[in-house]
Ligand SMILES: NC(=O)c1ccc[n+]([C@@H]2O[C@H](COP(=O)([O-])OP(=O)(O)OC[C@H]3O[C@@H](n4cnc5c(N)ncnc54)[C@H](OP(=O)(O)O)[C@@H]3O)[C@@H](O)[C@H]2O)c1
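Shown next as structure tokens: one chain only, the form predicted alone.
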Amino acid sequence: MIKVLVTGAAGQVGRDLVDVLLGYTPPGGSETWHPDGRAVHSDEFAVVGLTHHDLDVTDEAAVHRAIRAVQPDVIVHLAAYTAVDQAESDSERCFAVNERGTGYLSDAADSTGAHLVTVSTDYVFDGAGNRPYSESDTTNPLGVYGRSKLAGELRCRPRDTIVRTSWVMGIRGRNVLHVIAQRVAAGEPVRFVNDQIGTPTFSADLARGLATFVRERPSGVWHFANQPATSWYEVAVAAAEACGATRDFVTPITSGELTPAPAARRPSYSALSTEKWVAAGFREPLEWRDGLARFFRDRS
């Protein structure tokens, strides 16, 4: 069995990944999408899931002790500081988790012979492009969160696997889809921006993709997200319609009309290309509308 240590195991992606590695389909997952052509069997992986209470990744000594104690074959590093707006006034903590914590995991993996798979973000880009970003495109983060995640990438070794993803939503997480469902039930219309374009990613699909990275252990930077690119407004409309509302339940607005104005700037265009993933022989990620349908199928 391949021994896998997962940090951030209590988060929405962490919980789904633990399910996948144990041979289960997580809520909102696809029973038939196997990107590497093989289902995951219950006796393939031995999983050790660590939450923040089990391991503070900003404690270098604790990280090394944990990795030496577990002796994993693969580390999937999901623990992260993800409060994008709060990070603008809490940069020290944000960098401690996203930069130094990632560096400590890379160091510990190197010292024990484990392979590190760590997750990064589309916010490493500035949104100035007009086509989906590839792994080789120039990074230029706009805010503290994006800068901290890019700094974490740079702390990794060439043999590590860095997986950039975007707009992650899972049934067992706090996200806009749950908010929209609650607002539809209450008959309270919503407003969403139509000038931020990206690639939504459902955590159950990301978890299955991460299981493939655990198996294959490729080095370098990879992009993984559901496809195709869309706006937050279109995601909100699809979610409202899935809950029984009509399209006019969602009002399109620009980012400049958000009240209160968010503390952090977001890239206006941060869609991720998965051409490298497909070129490596893996099945193309599922469409985000398919993921959204599964989300609401299993949400109840």
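Just so we're clear, the structure is a prediction, and the values are computed from it rather than from any experiment. Start at 1 and count along the sequence shown; that's the residue number.
The form predicted in complex with this ligand exists for this protein as well; it is not shown, and the discussion that follows is about that form.
Checklist entry - this ligand isn't shown here, but in the predicted complex, which of 67 to 75, 182 to 190, 89 to 97, 212 to 220 has heavy atoms within 4.5 Å of it? => result In short, 89 to 97.
Checklist entry - Quick one: does E241 come within 4.5 Å of this ligand in the predicted complex, counting heavy atoms only? => result Because no heavy atom of E241 falls inside 4.5 Å of this ligand in the predicted complex, the answer is no.
Checklist entry - With the cut-off set at 4.5 Å between non-hydrogen atoms, does A10 touch this ligand in the predicted complex? => result Output for A10 is yes: heavy atoms within 4.5 Å of this ligand.
Next on the checklist: So in the predicted complex, is this ligand close enough to A79 to count as touching (4.5 Å, heavy atoms)?
Outcome noted: Because a heavy atom of A79 falls inside 4.5 Å of this ligand in the predicted complex, the answer is yes.
Checklist entry - Heavy atoms within 4.5 Å of this ligand in the predicted complex: does T58 have any? => result T58 belongs to the contact set for this ligand.
Item to check | Sole residue of L177, V119, A109, A207 within 4.5 Å of this ligand in the predicted complex, by heavy atom | outcome: Going through each option in turn, the one that passes is V119.
Item to check | Residue (of V124, A114, C156, V168) lying close to this ligand in the predicted complex, criterion heavy atoms within 4.5 Å | outcome: Selected residue: V168.
Next on the checklist: With the partner left out here, which residues of 190 to 224 have a non-hydrogen atom within 4.5 Å of this ligand in the predicted complex?
Outcome noted: Contacting residues: none.
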